[in-house]
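Form predicted on its own, single chain, as structure tokens, below.
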Amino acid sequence: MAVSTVYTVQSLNSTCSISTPSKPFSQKHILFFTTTKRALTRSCRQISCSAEDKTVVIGLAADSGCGKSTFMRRLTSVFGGAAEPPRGGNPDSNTLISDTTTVICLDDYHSLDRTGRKEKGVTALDPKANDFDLMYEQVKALKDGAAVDKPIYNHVSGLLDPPELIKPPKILVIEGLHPMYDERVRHLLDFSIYLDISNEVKFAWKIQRDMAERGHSLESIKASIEARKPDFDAYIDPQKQYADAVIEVLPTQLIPDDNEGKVLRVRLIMKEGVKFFNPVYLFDEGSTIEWIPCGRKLTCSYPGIKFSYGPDTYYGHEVSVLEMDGQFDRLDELIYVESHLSNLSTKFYGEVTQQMLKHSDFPGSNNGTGLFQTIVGLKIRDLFEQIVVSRTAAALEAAKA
């Protein structure tokens, strides 16, 4: 009879029932010797764990200043409960925790602090400045239901702070520069998103954030962007080929030679054939559609709004693409657009509009960035629920066997 030795770690995310067998083990039983820090406990027990409680892992990739924080706030709102830093911990923690989700910033896996990167002449985008082994080990541990002591990268001081305890949640979101760079980490993801911001839009956003919130000068922002571009092209941008959904933000095509960048064209690129994920469609699934909804039911000032939808290919993958160019004048009228979209994974009629109105002060709430972030958040909720049902069914089948 084969004997397995299991070194137990405190599991905070699984429900296990333990019973001592009353008869000798058959081939269907597994004998465990459990080890604690004090002594080896030679107890023979059958252990069955609730598969539906295992952590679902979502990856969100984007360059710095591309709207990851706003997307995270929309996503956690879909699941309910405010996302806050760990209570009583480091005030400069990058982690956000709600009732259902825990969001980890992958900057915490920098292996070099700000001074170290300058000394070695590398940017934070360079894989040499990041500890992918630790990232993989800790994401895997959380997915398997074990707590970890995760490091903290302090964005204020540029130093690596002492670690913080992270308990496995129902949904773990890893966001940052490299969630899909390392193949091992990539294979842990149940779903992945890439925020693809064009250079023109990225520059405008970064200026707004870094000048207003971080006190950087225009010259330093320009220099930072230019210094980062080669590493971005080499290490960050290629990750979008692995994403299950891409939100692409581009300058508008409704205004000829537009230089202001206030009106945006946003594309939601959804990979076909992803398990538990059915792409959203406009009017007729699989058709090619162009729709200008402005009129009696949707107020549109210049330059108006244009939607399009259709099949396409993206890095060799079949995809469906939903596009919105322009912006809403009145968010409450979004219900008219919502009523023409299908596969939204909403719980009730008008939920997309409700979520948009709830966060009307968030950046992008009047254009496709907010709309598509909200839709992807609802799709992730649906994916999570389907995974739970699937795991429960598989566990029941395994118990019958």
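Counting begins at 1, following the sequence as shown. Computed from a predicted model, the values in this text were never measured in an experiment.
Another form exists, predicted together with a further copy of the same chain; not displayed. Remarks below refer to it.
Heavy atoms within 4.5 Å of a further copy of the same chain in the predicted bound form are found in exactly one of 184-192, 296-304, 136-144, 240-248, that being 296-304. Within this chain, N199 is remote from the site of a further copy of the same chain in the predicted bound form, having no heavy atom within 4.5 Å. By the criterion of a heavy atom within 4.5 Å, S287 is counted among the residues contacting a further copy of the same chain in the predicted bound form. Shown alone here, K347 lies farther than 4.5 Å from a further copy of the same chain in the predicted bound form, counting heavy atoms only. a further copy of the same chain is not drawn, but in the predicted bound form it has a heavy atom within 4.5 Å of S320. P311 is the sole member of P311, G261, P163, G81 with a non-hydrogen atom lying within 4.5 angstroms of a further copy of the same chain in the predicted bound form.
For the partner-free chain shown, Y336, H340 of 329-367 come within 4.5 angstroms of a further copy of the same chain in the predicted bound form, judged by any non-hydrogen atom.
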